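Below you'll find only one chain, the form predicted alone, shown as structure tokens.
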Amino acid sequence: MKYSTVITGFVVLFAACTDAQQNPMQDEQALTVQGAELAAQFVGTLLPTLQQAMQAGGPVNGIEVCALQAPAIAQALSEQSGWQVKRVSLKPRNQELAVADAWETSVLQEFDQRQQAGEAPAQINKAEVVAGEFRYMQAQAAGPLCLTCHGTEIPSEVSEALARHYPDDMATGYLAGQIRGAISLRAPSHQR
């Protein structure tokens, strides 16, 4: 009888340990899906807003939207979701909000390599637990609309507007399809 109880207890303990070992993977998968959805929501909100602004007032008007609306969209998504949502780049335009930390810098360099090796930018992302914190990044490529203000040939009125809003701008010189940055997310602490 005692032997049976010990074996039953061992089986229950083993099952609990196995479940505990499987849950982090399931949690990471669920967090990866959430991160991808939030990144898509950010882009899905910003892109039409930017397109509308540029149709209404050209690229200079688009710069106004990027300067004001993009941080507001990131802030609203952060507040609604509990995640920290921001944009980062190896060549940041906004020196206060878009400078990559060490992990983001490493991931952005990896993204560049993956894109140069032929991987489609829309498929380039990374999810990882870093120092006990779940992080997710989705690459952002320079599309045709982006090149107006991020490309190699920028009209003088656009350059002047960029200088007004971003005196330390580094985010120019991109070619179509290059990775110009990423949406970077950190999961809420209660979900890690």
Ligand code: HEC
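Here the structure is a predicted model, which is why all the values come from computation and not from measurement. So that there is no doubt, residue numbering starts at 1 and follows the sequence shown.
Omitted here: the form predicted in complex with the ligand. The next part is about that form.
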query	finding
Partner proximity in the predicted bound form: A127 to the ligand, non-hydrogen atom cutoff 4.5 Å	no
is_contact(T45, the ligand) in the predicted bound form, heavy atom dist at most 4.5 Å	no
Close approach of I63 to the ligand in the predicted bound form, 4.5 Å, heavy atom	yes
Contact of P121 with the ligand in the predicted bound form (heavy atom, 4.5 Å)	no
One residue of A40, A163, L145, A30 in contact with the ligand, assessed in the predicted bound form (non-hydrogen atom, 4.5 angstroms)	L145
Check all three, G82, A100 and L185, heavy atom within 4.5 Å of the ligand in the predicted bound form	no
Neighbours of the ligand in the predicted bound form among 26 to 62 [non-hydrogen atom within 4.5 angstroms]	L47, L50, M54, P59, G62
